[in-house]
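In structure tokens, one chain follows: the form predicted on its own.
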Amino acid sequence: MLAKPGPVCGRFAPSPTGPLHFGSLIAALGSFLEARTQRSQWLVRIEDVDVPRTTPGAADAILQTLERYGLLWDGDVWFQSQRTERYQAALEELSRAGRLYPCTCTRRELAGCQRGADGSPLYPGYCRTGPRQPGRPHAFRLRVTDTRLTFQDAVQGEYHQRLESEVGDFVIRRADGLFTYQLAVVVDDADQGITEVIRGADLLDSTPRQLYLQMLLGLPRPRYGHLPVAVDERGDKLSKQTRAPPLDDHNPGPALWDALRFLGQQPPADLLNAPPAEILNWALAHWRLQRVSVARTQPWTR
């Protein structure tokens, strides 16, 4: 079901695997401006559900950077690592409805499978009728159907996907007991009252999985908008893995100005070295989501 009309609430949900970089700033700034221009709340959630991947001190550094850049949030910061009871409750609800099954397949065993749109293996259903290796630790997969899921993205336009043929049954709790992003993000967005999700287009292909979980759990569907992902000269996404440089906390102006330009907002040149508050005041007066490119990736170099 679609979220009921009412107060708008947006969010930024970084993973604490390292400091924020320019690609992170694109998502943070876009979601911040889209929320604030509607005079709505903007929340921050630390997506540390994958505990082994978190970097000590990264969450504090992320929050400090947001403050230095003038991207001030409302309310308390949520941490996924503190919400496992809620994810377990959602898992048990899906289990009672007969939607889950244990899966003992390893990544190595699935390495040769056809790949889905997001690059992950298209699960062939090996364990659908029972675990192939009953003695192994097992994940839980969600049974999907051949339903065509469609939504209108605020940036990318109409998007549709058939989960059965394009994704396959997907994991919602791993064999090591950790819950996956897909389940956690759906539960968190509902519990926080998120009505719009403005984020990077690298997550566009996973959105139908979230729509499907929302339907099964009876949760509202936010409005989605997927911004272009910044890529380097090789076409690789700016990320910690590609050694994207961290944002400069001591001189935020140029990066904010560059981010606005990347998002198609055409900030005046005399704002390039202005304080964050001045740049953001201009941005709030001139922000238009429809000016953002519909490209899923966009090159960026300093």
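Here the structure is a predicted model, which means the values were calculated and not measured. Each residue number is its position in the shown sequence, starting from 1.
There is another form of this protein, the form predicted in complex with a small molecule, and it is not shown here; the text below is about that form.
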4.5 Å heavy atom contact, Cys9 to the small molecule in the model of the complex: no
Is it the case that Arg141, even though its partner is missing from this view, gets within 4.5 Å of the small molecule in the model of the complex, heavy atoms only? no
Is there a heavy atom of Glu47 no more than 4.5 Å from a heavy atom of the small molecule in the model of the complex? yes
Just to confirm, Arg199 within 4.5 Å of the small molecule in the model of the complex by heavy atoms? yes
With a 4.5 Å heavy atom cut-off to the small molecule in the model of the complex, the contacting stretch among 178-186, 155-163, 101-109, 133-141 is 178-186
So which of Ala13, Leu25, Leu280, Val292 reaches within 4.5 angstroms of the small molecule in the model of the complex, heavy atom to heavy atom? Ala13
Proximity to the small molecule in the model of the complex, single hit among Cys113, Leu203, Ala117, Met215 (heavy atom within 4.5 Å): Leu203
